[in-house]
Ligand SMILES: NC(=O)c1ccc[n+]([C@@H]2O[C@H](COP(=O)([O-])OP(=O)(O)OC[C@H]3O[C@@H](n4cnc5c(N)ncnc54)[C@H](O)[C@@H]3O)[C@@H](O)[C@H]2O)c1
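Presented as structure tokens, the chain that follows is alone, the form predicted alone.
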């Protein structure tokens, strides 16, 4: 039977706890706040109906959660340790050093940090710093499967392979980030859109509702199926990404946004084109068009079902 040690039980920590319980794990949690157990159990009560609808593992039940009084008790016998303390580097370094000193040397220690580099997180760890990695999830953790895994300078390939296996056993979709970088991958993408959205609001171009509607009824409908690059691959027609970049690439230099575009070199174009062709896997643009359209018809019905306010936008978008 697998056991998760959760250190820190805020929104993200509680999300990890709920996910692990739903997968049939035992969970041992530590949080110095005396109100933490009550708050966590209320969180699980709210999440459990959704988890039940998705499908619970055999023997999954909320009663498999235990709170303990010390970090050492929490991590004893753990198969995976997840640190979820507030996003302050000195605090994380202190807590991770304490966990590293007390945990078995082959136990993976994941930090839920959204921005810090793992090499910085490893600085005060003495026993086995390489197993201290970034394991960045997305809220709500108990539903969204993506977890970004980032190793530091001390991390060995076998430690990353072990981390992938651990998180996959929690029904997560690990994304191993090739290089350390602040904000990792997904948050950097979201931050770019967020900054631009704030500029649009600040400049009086659109309200927050209008910007959200632009995402929900535009790019957001396509992204769940294809993401960014394959969506633009289709925008190039039968010639795909290469034609799209030839047609619209020069617009990257126009002052439409507050973000600076990269230099569109031949090398960069080739990398992007090759990546998109790999994703297309020999399927024609027409085939991908049909797949995307079928998806969008069904997804639009879901948007209206779960976002009733969208009905009032008809005729305005």
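Remember, it's a predicted structure, so these values are computed and weren't measured experimentally. Numbering follows the first chain given and starts at 1.
Although not depicted, the form predicted in complex with the named molecule is the subject of the following passage.
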* Is every one of 117, 153 and 168 in contact with the named molecule in the predicted complex, taking contact as a heavy atom within 4.5 Å? -> no
* To do: Check whether residue 136 has any heavy atom within 4.5 Å of a heavy atom of the named molecule in the predicted complex, and answer yes or no.
  => yes
* Non-hydrogen atom contact residue 112 with the named molecule in the predicted complex at 4.5 angstroms -> yes
* 4.5 angstroms heavy atom contact with the named molecule in the predicted complex for residue 24 -> no
* Taking the shortest heavy atom distance, is residue 33 within 4.5 Å of the named molecule in the predicted complex? -> yes
* Structure fact -> Students should find that, of 160, 213, 85, 128, the residue having a non-hydrogen atom no more than 4.5 angstroms from the named molecule in the predicted complex is 85
* Quick one: from 172, 230, 177, 95, grab the residue that has a heavy atom within 4.5 Å of the named molecule in the predicted complex. => 95
* Look at the stretches 73-81, 87-95, 202-210, 222-230 and give the one with heavy atoms within 4.5 Å of the named molecule in the predicted complex. => 87-95
* To do: Taking only heavy atoms into account, state which residues of 1-36 are within 4.5 Å of the named molecule in the predicted complex, ordered by sequence.
  => 7, 8, 9, 10, 11, 12, 13, 30, 31, 32, 33
